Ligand code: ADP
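Next up: a single chain in structure tokens, the form predicted alone.
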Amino acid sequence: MIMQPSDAISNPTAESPVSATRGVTARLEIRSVRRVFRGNVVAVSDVNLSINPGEFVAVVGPSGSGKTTLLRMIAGLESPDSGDILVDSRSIRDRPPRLRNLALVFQDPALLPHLSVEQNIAFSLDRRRLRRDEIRSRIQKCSHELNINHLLNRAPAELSGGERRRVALARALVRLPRILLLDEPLSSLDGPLGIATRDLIVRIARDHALTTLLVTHDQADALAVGDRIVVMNQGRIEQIGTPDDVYREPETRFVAGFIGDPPMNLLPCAFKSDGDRIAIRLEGIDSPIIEIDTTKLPTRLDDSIRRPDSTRFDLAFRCEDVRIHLNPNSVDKTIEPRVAAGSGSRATIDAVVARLEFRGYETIAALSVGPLEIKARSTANPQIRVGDRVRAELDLNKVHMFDRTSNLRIL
């Protein structure tokens, strides 16, 4: 069965005359939702998520993480195998898509080619037999908000990619939905057009106080627009938090290695106890990078280190938390880290500049440390060149550690 775009964005109250201003925002809850495809492929596994009225939530993850399947279940295009979906505490799991009072904007705008822009926007309203003056009022308001009022008489084939996205958004908003669902709405829009469309979507969602769920593979879009971010991987939620929480305080190794451009440095390391001191050593390098007083260890870290099966951990830190200093006096011997003298809040690592990635406003330096690599964020025109011997200074107050057995953060 081929579903018409209008079937997924219906408003059950649209039969009665409604002011063409805005709908009433709603609370969305996903409770222990699970979806398994043929071949026992688990697409979504026991997902729980609550979205507050008027909140803008972005779901981000790699391809195959389950984010689009989750969105389709909310819209009614997929049925969960277990769990429930509620709007304002009322289950909508068994309601057909047209009765869910949700607006879904697809990745493909899917405009009807034989209808004009105005007819595409009005299509679902015509089917619901609204008064002509009410339909015209809604179309005029939406087209003005989205700056497409000059396109109403055009055919979809005459529109640019950005214009088609705005028409699709108008087609959703004209129904006065309580919840807005966005499936990769910026995927084929590059550069300034993508940013402009993203900003427009955010403004419209805020102006209408819409409860909004955006699904995207682009973490930059997710971090830019979300009140909260949901990071998914292999059908599960890895972390839910504000953009700053997800970026600065990743709860799992996956989030640390996925969020950010570049993502966090993840350096495999091991622990060695020596009385009341524990030395943290990078794999493949003999000298310790950090020495810790065991009497001052956080309980979670202390428990993890002392587990019988604790063998491998990852030291994690952002590239902007690394400072690069030229080290012209370095001897051409093994590159190894050193524990900084003084307060112990910083460590320095001898390294060689392997690559420089110029980005205009900044440069990303890839530093070789024995068999390992560290990425550091630097100025647009750093005073270093490929092959230079440098010292990478690391702020230990901004370091995290992840247990490779559980993949959870322990520091």
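One rule holds for the numbers: they count along the sequence shown, beginning at 1. Note that the structure is predicted; figures quoted are calculated from it, not measured.
The same protein also exists as the form predicted together with this ligand; that form is not shown, yet it is the one meant from here on.
Between this ligand and the residues 43, 33, 49, 374, the one pair within 4.5 Å by heavy atoms in the predicted complex involves 43. In the predicted complex, this ligand sits within 4.5 Å of a heavy atom belonging to residue 62. Residue contact check for residue 358: none of its heavy atoms lie within 4.5 Å of this ligand in the predicted complex. Shown alone, this chain has one stretch from 50 to 58, 366 to 374, 64 to 72, 345 to 353 that lies within 4.5 Å of this ligand in the predicted complex by heavy atoms: 64 to 72.
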